[in-house]
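Take a look at the structure tokens below, where one protein chain is shown in two forms, each on its own, as structure 1 and structure 2.
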Structure 1
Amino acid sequence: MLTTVNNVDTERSLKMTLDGEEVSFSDGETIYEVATRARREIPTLCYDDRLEAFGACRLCVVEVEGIRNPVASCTTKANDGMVVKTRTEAIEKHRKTLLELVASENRNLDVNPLSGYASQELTKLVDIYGARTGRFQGKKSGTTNTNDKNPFILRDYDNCISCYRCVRVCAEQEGDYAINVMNRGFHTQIIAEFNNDLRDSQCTFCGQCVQTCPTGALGDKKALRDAETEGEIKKTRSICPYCGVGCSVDLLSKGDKIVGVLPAMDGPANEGALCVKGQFAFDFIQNADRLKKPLVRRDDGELHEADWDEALEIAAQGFLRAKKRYGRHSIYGVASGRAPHEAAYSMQKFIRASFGTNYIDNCSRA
């Protein structure tokens, strides 16, 4: 907020009272954003900070002095002088009742963490608020789509709570608009275009819908293959090897086996986004056909295992023979788009300096 002092515009600090503590905030911030920065834990189910606030789940409601009814903190802008209470007896009772209602519709509250990045959100909140009471029973919404034969995404809509995070991330983040909402009330259903399989839609299988789902209604089929594999799930930060963008990923492993991939929400290059290869194409890591040692072709015409010194020496001699017999323009280099910048630089230097040509390209150029 700007104020004018002696004809000079100056920025005035905005402050609000949050649970009895005065905190500063910037113009345009919501109560939820201010509270999160001030380390106040406000529960949500429909909120993803990458998406436009929706205000559907009503778990994030807070009391604001001067406003009769609680307001959704994720959609309500903070105002100067505002007095907010994030946790009162009435608010906490309201949250527990909402969670009991949500839990009553779900077939399974104990979702395997391999389902996706956010798959434990409902489970954790239900346990925190002691909402496994079962006192609300009745009609349920959402029908699991067991007929969709795509190899990547489980569509278990018996666990859907209609938060629409999947629909919104597909539209707002990916721009694909591959999934949408059909019907209303207890007949609400998440569908692909014209209620077809995902394979027949605009879906690119980036997995963003899976990773934002807070209930496991959308799950990672490939990771869930190892749901019964013994061992604790370990998370290891790494970089996706498929192109030069450098997307950050968290590799999920049990023992010495990679069982799944999660996008790193704090990854500087991708901010939680991945393509289909980065998300699902990790089987090559443990493929039985993967080479573990370099192979060289010997006089018998067959490939044999060798050490790196021998393999590099044979490769170098091959380049020299080709140059001597066919000339320098017989050698052409194509750098891998999966390699880092330093490797690409070394590759072009190898072709230009060693052979005196500009016959060098990169597979990611096109």
Structure 2
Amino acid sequence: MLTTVNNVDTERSLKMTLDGEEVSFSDGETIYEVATRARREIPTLCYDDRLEAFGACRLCVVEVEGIRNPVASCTTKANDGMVVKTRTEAIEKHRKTLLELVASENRNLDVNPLSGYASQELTKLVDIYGARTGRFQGKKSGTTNTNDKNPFILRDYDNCISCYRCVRVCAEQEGDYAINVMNRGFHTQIIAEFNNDLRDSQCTFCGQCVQTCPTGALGDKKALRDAETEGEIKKTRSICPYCGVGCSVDLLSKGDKIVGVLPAMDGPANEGALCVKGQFAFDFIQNADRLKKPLVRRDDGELHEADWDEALEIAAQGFLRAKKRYGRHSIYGVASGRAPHEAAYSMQKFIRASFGTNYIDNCSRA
């Protein structure tokens, strides 16, 4: 298993010719992988580099000397001495025709980017290849399951191109097998188990199918609530606030509002995966219950809003009073396992530096 990706040149010296340039590769690599490493841009639709290559869309085809028909580069292994052309006139024409066909079957080509991580893939390719020609008057395939009342995942199969990425991510990445394929060919429809609502299936609402969908057929319903909200979408790299796995996320915000979350494909802990909490439970910070001002308990026994100066002074005086009255071992600090390091560090320093004790703990004991 420990192969040679880093020192391909020295080890076996497998070589192929790619658009006239000699490139080395290691055993087992596909033409697509070799070409991508050599900075060729081969268009793909059914490909997700986290999944087993599938070879369904045929957009990634290339010409190989000595083979009559073009081959799918994502599923064809590179061979020593192979001569490959990635962008001939014939290939480009073939790609355009394919995209025209796909475009003709899809109701909606312009998909809101809040739909999901890969939601712009088809649209981008259609535009690069100028494939909005309307040359084919296709029937619409699939149907929308708008009855599914789940709050997270939009299922609009009118936009489905049968790339099976959702099915494959669910099976291969999640091991959940929550969705499946019904029928074959034009009538293909991606269905939840028993053609039911996702909630009644094995689905865990991890959102991975949404994020890999290249057309917006599956969309992030929660993020799309803000489709019409004013403002540019800003991306901020951060970490999920829930469990200890520490998945990397890109927070999507418009103005002062977080509108959605994208999994970070290069996140070291998650490599693009998320669970329902990290994917969809981000809006608690915008909840109306958030504390907005300091509160102090007044003579009536109730908590009332106060300004910072007053509240800080009361807090500080209370600790000084306890220390004077009961000694420095009468004050205790409990830090959070949820807040960042700076909170925990300053909490422990507060106790140690103010009272000279080690009377500090965190919530890991419960």
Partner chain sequence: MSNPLRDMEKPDVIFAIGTNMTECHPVAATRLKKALTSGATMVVADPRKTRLAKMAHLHLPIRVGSDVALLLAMAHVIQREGMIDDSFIAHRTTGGPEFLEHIKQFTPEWASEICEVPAEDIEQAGLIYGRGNPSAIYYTLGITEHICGVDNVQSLCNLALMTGNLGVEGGGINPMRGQNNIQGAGDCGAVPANFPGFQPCGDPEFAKKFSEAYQTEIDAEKGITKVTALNTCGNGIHAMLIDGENTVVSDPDKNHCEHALKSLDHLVVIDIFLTETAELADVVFPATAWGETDGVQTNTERRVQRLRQAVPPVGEAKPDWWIVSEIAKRMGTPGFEYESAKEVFNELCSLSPIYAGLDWDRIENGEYQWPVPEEGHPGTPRLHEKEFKNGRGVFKVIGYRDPAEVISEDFPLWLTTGRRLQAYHTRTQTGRSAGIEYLLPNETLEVHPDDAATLGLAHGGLAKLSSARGTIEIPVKVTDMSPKGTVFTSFSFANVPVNVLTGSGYDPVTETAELKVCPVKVEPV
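Just so it is clear, the model here is predicted, and its values are computed rather than measured. Just so we're on the same page, rigid core means the largest C-alpha set that superposes within 1.5 Å between forms. The first residue in the sequence of structure 1 is number 1, and each one after it adds one.
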Please identify the form predicted in complex with the partner chain: structure 1 or structure 2? 2
The residue among E232, E22, G66, L291 lying at the hinge of the motion of rigid parts between structures 1 and 2 is L291
Smaller rigid segment rotation relative to the larger between structures 1 and 2 [°]: 28
Per-residue Cα shift, R352, between structures 1 and 2 [Å; core superposed]: 14.0
Core-aligned CA shift between structures 1 and 2 for R338 (Å): 4.3
